[in-house]
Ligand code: PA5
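First, one chain by itself: the form predicted alone, in structure tokens.
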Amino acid sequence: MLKVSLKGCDSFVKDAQYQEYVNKALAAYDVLDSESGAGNDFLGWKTLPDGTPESLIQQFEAVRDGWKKKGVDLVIVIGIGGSYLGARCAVEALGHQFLPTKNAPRVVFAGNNLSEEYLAEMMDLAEVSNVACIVISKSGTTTEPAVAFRIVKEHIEKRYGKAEASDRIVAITDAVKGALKTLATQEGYRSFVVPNNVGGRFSVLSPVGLLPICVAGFDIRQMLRGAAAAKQQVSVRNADNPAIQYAAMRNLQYFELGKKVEVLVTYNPRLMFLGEWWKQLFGESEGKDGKGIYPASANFTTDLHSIGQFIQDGDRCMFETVVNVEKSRRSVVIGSDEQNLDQLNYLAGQHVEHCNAMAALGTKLAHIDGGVPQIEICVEQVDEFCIGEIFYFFEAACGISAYLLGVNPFNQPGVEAYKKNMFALLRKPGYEAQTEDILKRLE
């Protein structure tokens, strides 16, 4: 069971302050629960853990098994933002960090940048692999994934022929409209639906995340069970609800203590992309109307040797949320050495994870002493069930926190500004009139 501990904030806040924000979080919970707040037409994510039909999971498995029979050893997942971050988070958390997943293809991600070198080197890999592709886009016209898909599609069609390409490309897109839906229908691609009532950053438990995770060789039924367990846990209206606790404390840090930055910290490198997914979830949900906590992430102990100095002794603008994993899935014991030149014999016989845990405790005390409050979120281990728990917990907590903050958690009015400028500079039809003005501004 996922747990939240606020003991690392005790020396910074008063009980009465915290209770005030618990009451505010409960009011925000009521808005989310009653589906009466701004953006309430994007609450479909709430039903995904226990509302995903078995027949849909079996369709995902049919894609996986069909590609396995063809010998596919590379699946390129194309998408940006919420269309890839959740899947990548799960794949990197659950897979071996150095070896391929047994009986599963390698899964790589494209369409999340416009780097020519990145695409060229990915296509180097495609040239020596047996390739299939999952393309994820509601519209099919978002620039980054559309560019990547055009290149990957051309490669697959030239190498395998158009008829075979139709079996090697799967689209996850709108149910009835859009460029990608039109293409999927024309070319006969298998397609799955991006639910209309689920925004991209809340879509990891929909086909957007589940199909890539399934194809990568992981148990999506267990992930949904974990999410369902978290849903049950955060659906209780009281102060013991971990989503209420987290939302209350992070908003207290912001409003009462002036903390403008939240650093999501993990002590396990396989959770590095959890920080990337979490940053989009909270940054895009709360960063609007001149409000919001800036979401940052760090992986300790690695980053203690880089930004650790700033966290310990820099501007007191931040607090930490640490995701702790209680059990390691592997065992490595430190041996003894006769010369002991590295002076580590005092650790002989200890598990490396014990050292990691002591580093976490030592860091917690040092940072609290240095003026950095700490929230802890604990899960049992890194497996499909716990990853599902984490996903749903943060989604629910984000909805509550944003309503407490006073913003719509489910829109993103600021993400279009750069696109308009980029389109004008690229002289996209319809944007030419803005080009000269933008060029003058850049002089």
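Start at 1 with the first residue shown and count on from there. Since we're looking at a predicted model, the values are computed, not measured.
The discussion below concerns the form predicted together with this ligand, not included here.
Asks: Of P105, P207, P373, G82, which one comes within 4.5 Å of this ligand in the predicted bound form, counting heavy atoms only?
Replies: Result of the distance check: G82.
Asks: Tell me, out of K138, R88, H367, R250, which residue has a non-hydrogen atom within 4.5 angstroms of this ligand in the predicted bound form.
Replies: Selected option: K138.
Asks: Of these, 356-364, 317-325, 198-206, 182-190, which stretch puts a heavy atom within 4.5 angstroms of this ligand in the predicted bound form?
Replies: The contacting stretch is 198-206.
Asks: Taking this ligand as it sits in the predicted bound form, is T142 near enough to touch it, meaning that at least one heavy atom pair lies within 4.5 angstroms?
Replies: Taking the distances in the predicted bound form, the answer for T142 is yes, it comes within 4.5 Å of this ligand.
Asks: Would you classify E286 as touching this ligand in the predicted bound form, given a 4.5 Å non-hydrogen atom cut-off?
Replies: Contact with this ligand, no.
Asks: Is Q412 a contact residue for this ligand in the predicted bound form, using a 4.5 Å heavy atom cut-off?
Replies: Result yes; Q412 sits at the interface with this ligand in the predicted bound form.
Asks: Against this ligand in the predicted bound form, would N112 count as a contact residue? Criterion: heavy atoms within 4.5 Å.
Replies: Heavy-atom contact with this ligand at 4.5 Å: absent for N112.
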